[in-house]
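What follows is a pair of forms of the same protein chain, given separately as structure tokens and numbered structure 1 and structure 2.
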Structure 1
Amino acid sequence: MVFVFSDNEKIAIEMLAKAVEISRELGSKPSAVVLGRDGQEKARKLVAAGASVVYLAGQDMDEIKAEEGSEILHSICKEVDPPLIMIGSTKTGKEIAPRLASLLDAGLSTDSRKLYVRDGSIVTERIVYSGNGVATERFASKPAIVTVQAKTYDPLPPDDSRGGEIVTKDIAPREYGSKILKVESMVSEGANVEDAQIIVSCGRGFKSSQDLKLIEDLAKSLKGYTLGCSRPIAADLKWLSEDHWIGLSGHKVKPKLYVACGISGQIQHVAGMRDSGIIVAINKDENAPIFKVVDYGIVGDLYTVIPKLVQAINEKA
């Protein structure tokens, strides 16, 4: 069985789409693991998303800790011997994956962008050196463990009529010394760039924070009021919160339309938005790296171009 696990339900559903594809090539079945309470509802969603089997364990766990989570997954994997284990690249997933690899004496490839089978072996491709290169890695043993970031794969359309088995596992992990003392929700400005279908982003081409009204106007005209930004705007200048930060160290996005305004296009930023459907850039430097990855490029001063673009869109609408 090809295994999928993530404490983030959306990522688990996205990974299942690839698990279904890989399972066909390996002559296996796509499966998933759910840890913690309320597992039945999550399991039904995963079956609808493509899982043939969903294993439920740790039903008495309010919070998933890496130690207990990796031990439970290890127990299930030893029983069913999956050739491939896909783990969502969340904070919890990043802690569980190396622990599980150690317990299974298995190889681990982190933040895979591509995953496929070649000559019967699992092969992954992942970005290295801050986006300046792509490493192709082939697993020489089984199981292969791979972590996957959000938005890497498009989920299958949910099908509630799809048949699947839900199996409950009574596994009691050992008690560990670490404890979760408190969980606090991150204070957010309401930006949800990862789920946005239209994003208008800003970079160092803007002279002041007051000038960001230009991209607000553009976003409104496009009926997609979601603002993004490059690292300096959020991390250095603090003009926008980190909720808006798109890039290798920020959020990875996959909107239908991405408009980059005054963003030079350094590889760290491009790594976070390169999978967008249509990419448009506005920059006065015709040699800016951003123009190498766009579908449409406008060379010009954003202070002149954006108002004219907004006017044209509103007239067309």
Structure 2
Amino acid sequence: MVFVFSDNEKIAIEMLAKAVEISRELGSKPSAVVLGRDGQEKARKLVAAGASVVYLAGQDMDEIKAEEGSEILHSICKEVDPPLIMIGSTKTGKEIAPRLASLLDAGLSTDSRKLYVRDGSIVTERIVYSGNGVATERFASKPAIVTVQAKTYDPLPPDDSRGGEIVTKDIAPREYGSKILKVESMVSEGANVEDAQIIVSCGRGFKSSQDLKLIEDLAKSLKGYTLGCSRPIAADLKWLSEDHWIGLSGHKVKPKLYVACGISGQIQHVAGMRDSGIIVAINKDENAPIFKVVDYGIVGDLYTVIPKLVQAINEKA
């Protein structure tokens, strides 16, 4: 039984497509685990997406605590003995997967981009050194555990006529010294940088949040835009919501055109946008690392350059 788990339903469905494929090779079956409330409904979707069996557990949990989530998965794994466990790379997935790996004495490779079987061993590839390299890793453990980011695999078309078994598990995790006091949903501005074709991004070169007006002007002149930003703009200054955050710890994007304004181009930012079609930067520091990774760059004060550029683009269009 190849196992799939994510608190994010979309990633679970995407991973199932891969699980279906790789279970054939392993002579196994694709299955999924759903933790928390409303499991039945979610389980049916996962069956339609390819799961042969869906386990429901922790039905009374409002929030998944890592200690409890990993304990429940551990207990199901002990019974089912999966060769491979795929966990969605959300924050929740990323705090559960390593704890589960430790309970199972198993290997874990995070943010796996490729997964295959070679000579009976499970092999995976992942990005290392902030985008400077791709590592090939071979598992010497059973199970092998990977975490998988959104959009790594294309989902199978949902098939509501597929049959699958839904199994409810009553597993009461132990008491831990930790508890969740409060959960607050973050305001999202609904930016979808991952699907965007044109992204105009801002960094700490902007002096105040009001000045982001400038970048909106530029974005508009480029048509069909989405606003992106560096980590400090979302995480420290909170000028934009985190769905705009691009980089190693943020979203990975590959638009046709990426314009970085007032962004220094530290490798952790570049890791998120290095696959873009054309990369443009505006920065007043000629030695900013961003200029090493661009197709076109303008050295200058963005407060002067952006209005001029908007005009030049409008004249072209």
Ligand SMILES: Cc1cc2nc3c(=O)[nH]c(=O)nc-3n(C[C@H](O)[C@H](O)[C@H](O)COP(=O)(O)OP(=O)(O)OC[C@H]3O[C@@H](n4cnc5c(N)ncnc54)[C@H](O)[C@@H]3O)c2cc1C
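Just so we're on the same page, rigid core means the largest C-alpha set that superposes within 1.5 Å between forms. This structure is a prediction, so every number in the text was calculated from the model and none was measured. Just so we're on the same page, residue numbers count up from 1 along structure 1's sequence.
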> Two forms of the same chain here; which is the form predicted on its own?
Replying inline: 1
> Is Tyr258 one of the residues whose Cα moves 2 Å or more between the two structures, with the core superposed?
Replying inline: yes
> Is the C-alpha displacement of Lys238 equal to or greater than 2 Å between the two structures once the rigid core has been superposed?
Replying inline: yes
>> Relative to the superposed rigid core, does Gln40 relocate between the two structures - that is, does its Cα move 2 Å or more?
In response: no
>> Superpose the two forms on the rigid core and tell me the Cα shift of Met273 between the two structures in angstrom.
In response: 5.6
> Supposing the core is put in the same place in both forms, how far has the CA of Glu286 shifted between the two structures, in Å?
Replying inline: 16.8
